[in-house]
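Take a look at this one chain, the form predicted alone, written out in structure tokens.
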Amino acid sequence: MSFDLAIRLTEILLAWAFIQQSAEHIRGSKVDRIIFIPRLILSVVLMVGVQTQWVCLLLCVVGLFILKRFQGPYNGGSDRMSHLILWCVSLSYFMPTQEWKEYIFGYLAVQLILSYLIAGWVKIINPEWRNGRALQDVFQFSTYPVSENLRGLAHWPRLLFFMSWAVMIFELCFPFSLLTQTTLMIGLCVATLFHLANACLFGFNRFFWIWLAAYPSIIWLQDRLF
């Protein structure tokens, strides 16, 4: 995948994620509408592909207002990834050489890899994840399950044990998917299904599109390195 194509695909997926995020605030307070309606409009323009470098820069400015409005990334990991992708794409436009553009975009790919690797490491050193208790508590006590019927999964400890280990193995092994184009495609398909499952089971819908927006960077990096 060429550098320009990877950047363009990232912009389209990022714009779609921003449209989804912004739409959640259209019926919010007056302050929210002042911030998120311009973000929604800019995201549509970014998706169309008009003056993308300046649109990205304006989205960065809006992003700073959002951080001030909510005293930081109010939705945790998905907002951090949103800002990371946006700033990496924006900075790549204003770097003086192609080499520096690639360094910035490559940094995004590395951060994507680390997001899975670190998540897996944090889980596997936790005994409650290793024995499946962590997932059991999530289904039994937390507000995350999107349906009350899903809480019944808490009574299937063996299933949750295997689910826990499947998640940890996937996250820890994800960096090895860069070895070949085939393994990377398999790894990204598994990762997509992982985020889709999280959206369906726990309502983590924001994570789905924003993580997908970072995938072109790792496809480009794998092609660049190998």
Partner chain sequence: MVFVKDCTVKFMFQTLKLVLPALIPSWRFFDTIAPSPRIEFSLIKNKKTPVRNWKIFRPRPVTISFFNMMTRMVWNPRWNDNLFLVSCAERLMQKPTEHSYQEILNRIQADIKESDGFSFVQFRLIFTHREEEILKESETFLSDIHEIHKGEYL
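Just so it is clear, the model here is predicted, and its values are computed rather than measured. Positions refer to the first chain, counted from 1.
The same protein also exists as the form predicted in complex with its partner chain; that form is not shown, yet it is the one meant from here on.
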For this session: Select, from the options 177 to 185, 155 to 163, 47 to 55, 194 to 202, the stretch whose residues sit within 4.5 angstroms of its partner chain in the predicted complex by heavy atom distance.
Result: 194 to 202
Problem set entry | its partner chain contact in the predicted complex: Y74, any heavy atom under 4.5 Å | yes
Exercise. Is S90 close enough to touch its partner chain in the predicted complex, meaning at least one heavy atom pair within 4.5 Å?
Worked result: no
Problem set entry | Contact flag, Y215 vs its partner chain in the predicted complex, heavy atom cut 4.5 Å | no
Exercise. Though only this chain appears here, would T143 touch its partner chain in the predicted complex if you measure heavy atom gaps against 4.5 Å?
Worked result: yes
Exercise. Which residues in 12 to 28 have a heavy atom within 4.5 Å of its partner chain in the predicted complex?
Worked result: W16, Q20, A23, E24, R27, G28
